[in-house]
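The chain below stands alone, shown as structure tokens; this is the form predicted alone.
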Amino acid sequence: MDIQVVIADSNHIVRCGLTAILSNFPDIRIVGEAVNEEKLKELVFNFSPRVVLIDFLAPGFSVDTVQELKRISENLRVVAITTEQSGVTIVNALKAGVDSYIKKDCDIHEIVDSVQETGKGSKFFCGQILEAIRRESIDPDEINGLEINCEPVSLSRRELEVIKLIAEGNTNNQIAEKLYLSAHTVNTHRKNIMQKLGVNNTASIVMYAVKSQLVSPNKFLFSPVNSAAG
């Protein structure tokens, strides 16, 4: 059975390139191309494709687009294909409902595999995304069920400042410079924050910051996020 696919990207060359690549495989059938969210939702509603291959960071789309698509079609599977591989972007994508994640500079076979495997109901992450996931200690299987307690906790003003700067993608050294602290002190704050929040990785701190409205997801979604190492 063919895997019906819609390609969503604001860049004409990218759409043409992906269509040319995927059309060479008999089990993949391109049923449409979308240049923006409105057109994409129309295609999903009319054709009920199995897979949408989308750059949600491209103009005309957003991470919220993925959530909208999932509401339209419960059986839809989404492959994100972007130039970005930061931990924050990956977490936001997985929380929104992205099933698989690859980069635009992946090998052709990885792009094809991502569509085929996702169409079968599996998850697929290219090597570069897997490295980012490992670096940020993200567990894709636990993201959707991740619950962070947003009830008031005993966080100091300084710890709240550190959380905000972590969520915005700063390293320990950068935070130290901004707050006029030593990197050792910032690392101590980070450890205390994780203990108080009951989390064990940077991705969870970021999610706490978003849920607690210390930062807006849109503020840092398009900014490269450095690893937790300072």
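The term rigid core refers to the maximal set of C-alpha atoms that superpose within 1.5 Å between the two forms. Computed from a predicted structure; not experimentally measured. Residue numbers run from 1 along the displayed sequence.
There is another form of this protein, the form predicted in complex with the DNA, and it is not shown here; the text below is about that form.
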| property | result |
| --- | --- |
| Touches the DNA in the predicted bound form: residue 65 (any heavy atom, 4.5 Å) | no |
| Residue 134 within 4.5 Å of the DNA in the predicted bound form, heavy atoms | no |
| The DNA contact at residue 196 in the predicted bound form, heavy atom, 4.5 Å | yes |
| Heavy atom of residue 188 within 4.5 Å of the DNA in the predicted bound form | yes |
| The DNA in the predicted bound form reached by all of 156, 182 and 201, non-hydrogen atom within 4.5 Å | yes |
| Partner-proximal stretch of 22-30, 56-64, 166-174, 36-44 relative to the DNA in the predicted bound form, 4.5 angstroms, heavy atom | 166-174 |
| Yes/no, residue 130 Cα shift of 2 Å or more between the shown form and the other one with rigid core fixed | no |
| C-alpha of residue 57 off by 2 Å or more between the shown form and the other one on rigid core | no |
| After fitting the core, residue 177 CA displacement of 2 Å or more between the shown form and the other one | yes |
| Residue 99 and residue 204, C-alpha gap in the predicted bound form relative to this structure (3 Å or more) | farther |
| Residue pair residue 99, residue 168 - Cα distance in the predicted bound form, closer or farther (3 Å or more) | farther |
